[in-house]
Every structure is written in C-alpha cells, then in structure tokens.
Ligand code: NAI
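For reference, the chain that follows is the form predicted on its own, supplied as structure tokens.
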C-alpha cells in the first residue's frame, strides 16, 4: 500500500506527483504513452512552436526538438526517489486497487485520475476524412488549402499559423462568432484581423458531410455545409476537425471502483475534485484536468492537482479556481480572465467597462503592433476588478498581470496607482477610461 497513485503523467498528474513527493508522500505514477500529456506532446507546446517559427519547414524541425527537450526534463523530475513511474496503462480492480498492463497490482490510500482528453469528432458522414490537431501537427508537407471546422481556440490558432505559412485557410463555425469564451467585441476584432490577413470565415454554418473529390491527385476533399438556408461547399487538401475534446476514460474500468460518468462523459467531482459517486473504502479518489471537464486548460489541471495533494496532506491553500486566465495564441494574441461584458449584463451584475487601445501606447507603436485593445470590467467607481479581455501583442502577459489583481481582490484604482515601467505594453492597462 502506497500513499498515492496517479493515473496519467500530463500537466496535472506530474505536477501533483512532484508536489506530493516534495511533502513526503510516496507516489506511483502510471503513464502508457509519453510523459507531459497532450499539452506537451501534441497540443499547446508543438502549436506554440508553430506560432513562433518563420516557416512551415522550420516549425516541423523545431517541434520535435522542443518536445523532446521538455519531455526529458519531466522524466528527470519524475526520477525523484519518492516517485515510481510505471510506463503502463492502469485500470481499476476495486475501489483502491489498480492493475498495470503487465498484470501487477498496486494499492494506495488515495488515487488521482488525470488521464486528460482526446479530440472529439463530429458524428457526420465522412468524418473519417478529417484530421485532428494531433494529426495536423504530424504533416510534413504544407497543404495548399486547409479547411478548419470550428472557430474555438484550436481552430483559430491553426487558422492564424497556416495562413502565415501561406496556406489558403477557410474556417467554418456553427456559432455566430468565434471564441465564445471571449468578450464579443474582442472576438470580432480578432476574426476581422484574420480576415484582413486572408482567412475566409463562414459563421453560423452547419456542417452536413465530408466527401472525397473523385480522381483528385493529390487527394482533395469537399466540405458540404449550410448557411442561412443556402447549401455551400468548400474544397480543401486537408480538413481539420477542431470541434472540442472528450475525456479519456476508456480502459480505466471505472465500474469496478463504483464510478459512474456524467452524461457528457466526464468524471463528476466536487469543488475539491473528489469524485462524488465513488465507493471508496480506504481513502479518496479524485479526478483532475480535462477528464473532469471543468476547465480544460493545462494550467487548470496543474493547480487542481496541487489542490488535491494539499487536501490529502491537510494543507490549506487559497487557489482561486474562479479566476482562471486563458489565452489564444493567434497573431495578434487574445486573452481573458473573468466574465465578459455580455455575461455580466446577463447576470445583472453592476459594473463599468473601461477600454484602452494599443494605438495610443508608445511601446506598441515602436513594435509596429498598434492593432489591439484592452477591456476591463470593474465594480462602479473604479471598484474591484471583475475581468479583463485583451486583443493584441502579448495579450496573455497583460491578462496575467490583471489576474493577480483580481485574485487579490484589488480595485481599478489600485491598478492605476501601481507604477508601470515606461515604455511597456502594460501601460495600456492604466490608460483605460
């Protein structure tokens, strides 16, 4: 019997293991593939390598170098003497015991399920003709035409990247606007900027089916969809299905542990990420990261894992899971933390909206990055900051600063009275009016 078993060595799993070992717990970590999970191996890290590469050929070459280096670093961290890395998939035998693929069983006082997610494909005719983001990152030749189904974070980032590489990019989205987590004004500005760069958008469009173009060489495909009652189609060499992700729960044998999935396929948890319907006898079972479906972000998984270990240790923390920043690494970037202006209005929350534009910022002009804006929503009379939505260069960095203020319950006045280095983009935060 060990202290803690963690199933999955993605951001949530390996960070939880390190935190637990640092505080004296003995940990067994199961990982059937590469450590680092989706984010490192086929997600945010490879994608950001593409974002910061000048050409497609450079991106393909650098991607594996970056991933290999970071993966090696995680493996070194997991060589901690209090951590045993079992390079196998695990499945439950009962409430507190799991079995590895080699048949050996392991028991623990506590178990964390951190198995992440996989790409979700639309249930339409010809769906098998599309690729996921994982497969798109494995391409070795730049497609001439790319059709992206979905204008969420994954779709918009790849639209921006492949447009910059010279691919003809079309995006088809069911909703009326891209990036629904963003403030509507910010999302529209970002979409319009990508349109100026040459990306074609069909918003409010429903995909009907995908089909191969007969006798095409090289192979090409048709995407058939409807928009405002009209039947339309787009041809592409590659179709990316960027329509969300689904939890990885197959093969875990959750039934043996008395765990029932929610209707959407996630593992239901309480606010401390303890599974709410498990029948645990000698401890507790938790689910963190994408598999619980609460906040499908790598940094959310990391903090959830740390919080769970703190619960196991009886250590108090003050992590604000209601203050969760997110970023979209398009060109320019977009980022947000807290509710949008529309959500605040719908909730009847009293607030004031303050805006500033990059074009009035000296550093932005010096960088030739004058396209951008900041929107801060605060309680009336420069009161407590409620949210920040930013579009422009280094938007993620600006939102991260505001995240700290929101976490500490600071006011807009306190932000204004904080000295900011000149010249920096961050000065735009205190120029809002």
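Since this is a predicted model, take the numbers as computed values, not measurements. Numbering follows the first chain given and starts at 1.
Omitted here: the form predicted in complex with this ligand. The next part is about that form.
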Within 4.5 Å of this ligand in the model of the complex, counting heavy atoms only, one of 339-347, 353-361, 266-274, 240-248 shows up; tell me which.
-> 240-248
Heavy atom of each of 10, 28 and 83 within 4.5 Å of this ligand in the model of the complex | no
Pick from 154, 98, 199, 236: which residue has any heavy atom within 4.5 angstroms of this ligand in the model of the complex?
-> 154
So which of 131, 303, 142, 205 gets a non-hydrogen atom within 4.5 Å of this ligand in the model of the complex?
-> 205
So in the model of the complex, does residue 180 come within 4.5 Å of this ligand, heavy atom to heavy atom?
-> yes
Residue 150 near this ligand in the model of the complex, any heavy atom under 4.5 Å?
-> yes
Taking 4.5 angstroms as the cut-off for heavy atoms, does residue 333 touch this ligand in the model of the complex?
-> no
Would you please decide whether residue 172 lies within 4.5 angstroms of this ligand in the model of the complex, comparing each non-hydrogen atom pair?
-> yes
